[in-house]
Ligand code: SAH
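Given next, in structure tokens, is a single chain: the form predicted alone.
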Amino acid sequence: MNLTSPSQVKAWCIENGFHPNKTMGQNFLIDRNALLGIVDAGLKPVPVEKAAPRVLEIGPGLGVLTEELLSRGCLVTAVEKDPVLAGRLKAALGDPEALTVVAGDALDFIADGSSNLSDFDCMVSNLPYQAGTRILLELVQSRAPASITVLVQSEVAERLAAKEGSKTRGLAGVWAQLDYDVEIVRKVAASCFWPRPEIGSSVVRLVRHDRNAGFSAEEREIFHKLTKKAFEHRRKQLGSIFKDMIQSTARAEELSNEDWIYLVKELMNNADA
């Protein structure tokens, strides 16, 4: 089956009595140019000497990204929550040895310490719409893999890449940018999916940096608690939210990650004094 052929994808679904689940955010990519764009972007940061990159894919669906990644010599671990899709994936792609299918929830896979996320060279995925942001936030807090390239709703991509002072600046961007450089690679029209979603998507790439490698576990915990509370009251000035702790007339979206890190260190120094 040609996985970028709308007619063939629809025919398979009809023949097998499969109905894409809106609640699970199942929108299958059916455009070859968009497919090549996300795979090219996802494999770009992988070292050239890496003969067989280990790739994590979350939400493979019918396997359009999986098939392309395998064709480029990647070792793919695909995590699929839908039991019907998980059960068919490997056989449908010719039972390749380079493919490992994990049937289950991606959030459980990420939380499972035995998953060894750091072993993957990169993640390349068309994330399910409903759970995409939560999955990404769990991944960036784990700081693995080193490179994450995903197809998400454009508004999610914009929030992830937003800089201080932007109207789209929020918790997702602050948390992602603590350890990753975020870049929107390209937009993908809604017509490139079936069923067609209501809004367009974007390919966003996150590449881990080491600028905050020295940030301790305790500092990270305070960072996440501080920013979470601030963005829950984003219309208020920080001085009003954190009375007797922070003296500032700024609002949460106005601060850079460097500003947040400075505040965390100041709070810890004052606590020790």
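The first residue of the sequence shown is number 1, and the count goes up from there. Just so it is clear, the model here is predicted, and its values are computed rather than measured.
Beyond the structure shown, there is the form predicted together with the ligand, which is absent from this document and is the topic of what follows.
Only one segment in the set 69-77, 174-182, 123-131, 160-168 has any non-hydrogen atom within 4.5 angstroms of the ligand in the model of the complex, and it is 123-131. For the residues 238, 206, 56, 29, the 4.5 Å heavy atom test against the ligand in the model of the complex is passed only by 29. Interface residue among 85, 99, 152, 139, judged by heavy atoms within 4.5 Å of the ligand in the model of the complex: 85. Though the partner is left out of this view, residue 64 does reach within 4.5 Å of the ligand in the model of the complex, counting heavy atoms only. The closest non-hydrogen atom of residue 106 lies within 4.5 Å of the ligand in the model of the complex. Using a 4.5 angstroms limit between non-hydrogen atoms, residue 25 touches the ligand in the model of the complex.
Mapping the unseen interface onto this chain, residue 135 counts among the residues with a heavy atom inside 4.5 Å of the ligand in the model of the complex.
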